[in-house]
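Take a look at this single chain, the form predicted on its own, given in structure tokens.
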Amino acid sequence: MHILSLRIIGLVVLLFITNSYGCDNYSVNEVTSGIYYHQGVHEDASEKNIGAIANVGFIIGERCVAVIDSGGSYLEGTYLRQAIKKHTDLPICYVINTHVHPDHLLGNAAFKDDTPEYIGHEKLPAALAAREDYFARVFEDTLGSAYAGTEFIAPTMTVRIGQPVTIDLGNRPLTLTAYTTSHTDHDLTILDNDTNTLWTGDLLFMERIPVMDGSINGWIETTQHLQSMDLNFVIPGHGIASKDKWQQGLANQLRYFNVLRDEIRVIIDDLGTIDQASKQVGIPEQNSWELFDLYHRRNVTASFVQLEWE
């Protein structure tokens, strides 16, 4: 085929990809007064979905705006920024990353011109430095044109475990809490004190199967802690934000983790193998979660390695 024809076809494909997830199709929903989020799709990141697979959003105060996770690509970050500008002319003073996973922070550079304070867990800088080269190789290929413009921006302000930090958007205080190892070793939550709304990051997955990158025991403890909180609204890292469904979401997540832990412990006590566990553990859970086949065995093997050294 002629080279010019190939280029034309490539442009058509690129236009199709852009239009299938273009800025005009990028919607944000108001959870409660002044709090907006875009709900990510239950898919793996791709050029077609521009990496917009996690929940991201923003909180508007009287003085300025805080972004909560910036998106799964530079392109999504630009869409999120445009969505903010449709709702307010106030400056963006904070970009808060709940953890290192690329679907939550690859959009950071889209906000550079706003000169915000970038905030994360005290262990986020090390986690980002350790994974930056890998993320760059994988996601430049995975996201294609949506990746262009990506920069890995470390936090300029960090939150220490056991020392929550309060920031103020102008008569709108937010409490940032850093957790011990759970989903990762650097999870951060954001509580809007005015509306009692909690952004959990990936400490809570709704509908989509949780992905283990930390400690199963730690995540169980953190999930139980979140269950004990008196909250009006919860915005999970994946799945629908709600006033009344989040408790069931936490219960579902806790059930899944307990099934994994209990069944793995039985196999370990019987001197079974990790391969045996990956084929047997938690199979009845497969109808309860989106993307089960992609991530369940990984969760089992990661948990097995931790639990065999209890």
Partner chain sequence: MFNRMIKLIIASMALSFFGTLAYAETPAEPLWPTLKVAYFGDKVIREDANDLLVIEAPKRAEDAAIVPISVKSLIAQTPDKYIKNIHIIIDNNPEPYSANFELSPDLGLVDISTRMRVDQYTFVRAIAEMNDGSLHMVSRFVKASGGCSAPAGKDAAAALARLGKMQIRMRKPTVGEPVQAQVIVSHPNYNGLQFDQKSRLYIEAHYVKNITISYNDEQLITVDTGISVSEDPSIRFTFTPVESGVLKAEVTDSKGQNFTHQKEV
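Numbering follows the first chain given and starts at 1. Quick caveat, the model's predicted, so the values are computed rather than measured.
The form predicted in complex with the partner chain is left out here; the points below concern that form.
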Exercise for review: Would you please decide whether D114 lies within 4.5 angstroms of the partner chain in the predicted bound form, comparing each non-hydrogen atom pair?
Suggested key: no
Review point. Are any of the heavy atoms in T273 no more than 4.5 Å from a heavy atom of the partner chain in the predicted bound form?
Key: yes
Check your understanding: Are any of the heavy atoms in I220 no more than 4.5 Å from a heavy atom of the partner chain in the predicted bound form?
Key -> no
Check your understanding: So, in the predicted bound form, is E132 in contact with the partner chain at a 4.5 angstroms heavy atom limit?
Key -> yes
Revision key, fill the gap. Of 74-82, 118-126, 171-179, 88-96, the segment with heavy atoms within 4.5 Å of the partner chain in the predicted bound form is residues 118-126
Review point. Though the partner chain is not shown, can you say which of I167, A154, A109, L191 has a heavy atom within 4.5 Å of it in the predicted bound form?
Key: A154
Check your understanding: Can you name the residues of 206-237 that have a heavy atom within 4.5 Å of the partner chain in the predicted bound form?
Key -> V211, M212, D213, G214
